[in-house]
Each structure stands twice: as C-alpha cells, then as structure tokens.
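One chain comes next, on its own, written out as structure tokens in the form predicted alone.
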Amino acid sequence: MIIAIDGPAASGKGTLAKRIAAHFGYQCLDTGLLYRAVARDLLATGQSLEDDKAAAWTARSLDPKTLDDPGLRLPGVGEAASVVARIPAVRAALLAFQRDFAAQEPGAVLDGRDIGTVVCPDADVKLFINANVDVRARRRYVELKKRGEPVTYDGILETIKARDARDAGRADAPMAIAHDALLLDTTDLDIEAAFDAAVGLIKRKIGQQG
C-alpha cells in the first residue's frame, strides 16, 4: 500500500503524513528532508546551491542516516532545499531512493510535492493537502516563534509565496495536483479534524478499490 501526500509548504501535509503512517502501521518518509540534506551538505562544503554538477554529486552521495539531523528543520535550509530541488539531476538522483522506500511492506506514506505525479504515479491513494496562503504563513510563523526563531509574519508570508512560485514553476517535476488525487483543504481545520478527514478519504478510496 502506497499513500502519496502532496501539497505546498505549511499546508499540514508533513504532520498528517506522520499521523496517517502511525495509524495504519506504515513507514513514513518526508521527501523534503532529502532535498534539505543535499542543500545542507552543499552549504557545509561551501559550494553554490546553483552548481548543478556539485548538487547532483552531493545527491548521489547522500547518507540517509543523516535525515534525522535537527538542523534540517531550520528555515534557511528549507529555502535552500527549494533551490536545489529545481535541478533535474538532483531529482533524478533521489528518485530511486524514494521509490525503494515506497515499496516497503506492508505500506508506506510519502509526502512531498511530486509524489503522486512523478515519484509514485501508481500510488494506491493520493492526497493533495492545501490551505489559504495567509493561514499557512500564520502556522509557520507560530511554529518558528515557539522555537525562538527571529521571524516576522510578513517575512514568512513572502517566503512561502516565493517558495510556492518556485515549486510550481520549476521545469522538472513541478508541484501539481495529480488527476486522481483527493483534495483536502485544511484552512479551517485543526490537526485532529484534518487527520479525521484524511483517514476518511483514504478508507473510502481503499474501499472503492476493494
């Protein structure tokens, strides 16, 4: 069983993916961490995020054991990740890892921006999670303030808008809604309501397949 979850930044897809995986007893992969790790490693060695060859080599050399690095969650790393994610050779280098992860038994949940369209186009269930950009910015602002990050709401809003544009506008594997994806808008939902709605959608989809 493969559950693909896509959506823009701060839509709630990461939290939902973890909850859904735990609920069904599946493995979970935040694919964004792969790109964050590539960006982290590039920055650590002083290389440019715009250097396609260096980024591709770094992606091919990535150690999956470092994906639990808390530094990957820092805002700057997320922005850097969206830059390297535009590089086709980086995406190609990470594709096999993601597909191997998805093939695990009894099932896997992967969240990202091109899971249902590129990574796992044959996923059993595809969800696209979205929310109003102002709500997404507010969520991210609250999250980062709790961590003690020196951020402003307006700054976060502009960052998210810019990231949405990069993710949707890149030439290779842009963020898009798969034709058979189930849509879930979390604008007016807290995490519990969003989780209940997502599980309901998944169960109905699985039931239809059965």
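Keep in mind it's a predicted model, so treat the numbers as computed, not measured. Numbering starts at 1 and follows the sequence shown.
The same protein also exists as the form predicted in complex with 2'-deoxycytidine-5'-monophosphate (DC); that form is not shown, yet it is the one meant from here on.
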From A123, A108, A85, L127: within 4.5 Å of 2'-deoxycytidine-5'-monophosphate (DC) in the model of the complex by heavy atoms is A85
Is R139 one of the residues lying within 4.5 Å of 2'-deoxycytidine-5'-monophosphate (DC) in the model of the complex, judged by heavy atom distances? no
My question is simply whether D41 lines the interface with 2'-deoxycytidine-5'-monophosphate (DC) in the model of the complex - judged by any non-hydrogen atom within 4.5 Å. no
Residue-level contact is defined here as any heavy atom of the residue lying within 4.5 Å of 2'-deoxycytidine-5'-monophosphate (DC) in the model of the complex; does V133 satisfy this criterion? no
Indicate whether 2'-deoxycytidine-5'-monophosphate (DC) has at least one heavy atom within 4.5 Å of a heavy atom of A93 in the model of the complex. no
Name the stretch: of 143-151, 24-32, 177-185, 53-61, exactly one has residues whose heavy atoms fall within 4.5 Å of 2'-deoxycytidine-5'-monophosphate (DC) in the model of the complex. 24-32
Since the partner is left out here, which residues of 149-179 would have a heavy atom within 4.5 Å of 2'-deoxycytidine-5'-monophosphate (DC) in the model of the complex? R163, D167, R170
